[in-house]
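In the form predicted on its own, a lone chain appears below as structure tokens.
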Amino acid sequence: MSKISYPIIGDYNIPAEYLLKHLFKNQVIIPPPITNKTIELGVQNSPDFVCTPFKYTLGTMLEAISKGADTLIQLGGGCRYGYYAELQEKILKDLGYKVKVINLITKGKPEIKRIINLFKEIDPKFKIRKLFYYGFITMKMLKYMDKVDDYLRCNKAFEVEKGNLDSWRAEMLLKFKTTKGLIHLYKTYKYYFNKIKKVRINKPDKVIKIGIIGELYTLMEPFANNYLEKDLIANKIEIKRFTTATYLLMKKNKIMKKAFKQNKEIKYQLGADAADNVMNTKWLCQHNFDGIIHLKSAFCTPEIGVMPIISKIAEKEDVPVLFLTFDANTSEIGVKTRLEAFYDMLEMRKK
């Protein structure tokens, strides 16, 4: 029987592990957290000019294979990400590994019939009703995780006793791993969210607020952006981030249809998250945010194309924008220096 694994992204490995363990009798191998070793493996075996998330996810796959995985599940779509699975499978086979890489997303969206057929290849005894039941629980789990994280981005910088919010969140995620059903999941979420809300917060009336936009992988995987949110919180900044698993899976398509009707700046699909970032830039400007940080991986074509539009909107609204590009060789010191200068400038403007 095949052993399943998948590329890791943030803490979303918890709902991914929960879903796979309940769908299949196969062993599920959890990838290790991303480290410099992961990046080295990805860079060594990837084309030079491929976008950085390709290298990160390939490195994660190689580490999962070293732990025994032979079936790898990839979620790709929207841009060149949609071709990752096929190319990564070819690279892995050229390296001598007997593995299968399954891409659940085609044409930028999941196709249920196709996914069911792929799952039956993994486990011939796979039951469709399990996909709908545990899939629904997993979507709820993602929603609860993202709701808690949204609260932390707004308030964590102003925590009176440092570490309490992180502690309750970590305990909640551990409990999510052993969820027994929908009601149990909801009760766990409510219990811990109430605990989180009771943590003492001392938030001034006027705080610096920064919105983070950009390419989804670089936004959602902390290692890929040098733990940017942690840095912002350490500098007493309130954060707004739109891109989450909940947004991508449940809200994106509906919101983007509306955006194309309302946005004069974009007339065509720009690929991946580019059009979203135009809309989000306008929202941040209209809601009195002090600054915007745009993140992208190196060689991310949609985000390169949208940068002039973002600059034009922000300049018109007099909101500063910091553009940051990350790859395997990005200097942490260089990023910190630019961030500190950005913070200082926003603080002077605020005063």
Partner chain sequence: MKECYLGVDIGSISTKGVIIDNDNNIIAEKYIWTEASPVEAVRKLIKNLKEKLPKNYVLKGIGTTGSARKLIGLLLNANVVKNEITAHAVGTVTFYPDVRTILEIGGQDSKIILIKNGIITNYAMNTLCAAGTGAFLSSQAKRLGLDVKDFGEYALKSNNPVKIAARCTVFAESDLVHKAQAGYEKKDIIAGLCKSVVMNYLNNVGKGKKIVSPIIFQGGVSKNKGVVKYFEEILGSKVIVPENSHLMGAIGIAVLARKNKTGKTYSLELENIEFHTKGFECHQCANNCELLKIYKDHKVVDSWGSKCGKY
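Positions refer to the first chain, counted from 1. Just so it is clear, the structure is predicted and the values come from calculations on it, not from any experiment.
Unshown form predicted in complex with the partner chain; subsequent notes refer to it.
The partner chain in the predicted bound form is approached by R338, whose closest heavy atom lies within 4.5 angstroms of it. Using a 4.5 Å cutoff between non-hydrogen atoms, N36 counts as a contact of the partner chain in the predicted bound form. The shortest heavy atom separation between Y97 and the partner chain in the predicted bound form exceeds 4.5 Å.
Contact annotation for M1: none of its heavy atoms lies within 4.5 Å of the partner chain in the predicted bound form.
Contact check for F223, E315 and E332: all three have a heavy atom within 4.5 Å of the partner chain in the predicted bound form. Of the candidate stretches 64-72, 315-323, 42-50, 279-287, only 315-323 has residues with heavy atoms within 4.5 Å of the partner chain in the predicted bound form.
For the candidate set F342, F24, Y12, Y18, a heavy atom within 4.5 Å of the partner chain in the predicted bound form is found for exactly one residue, namely F342.
Contacts to the partner chain in the predicted bound form (heavy atom within 4.5 Å) from stretch 279-295: none.
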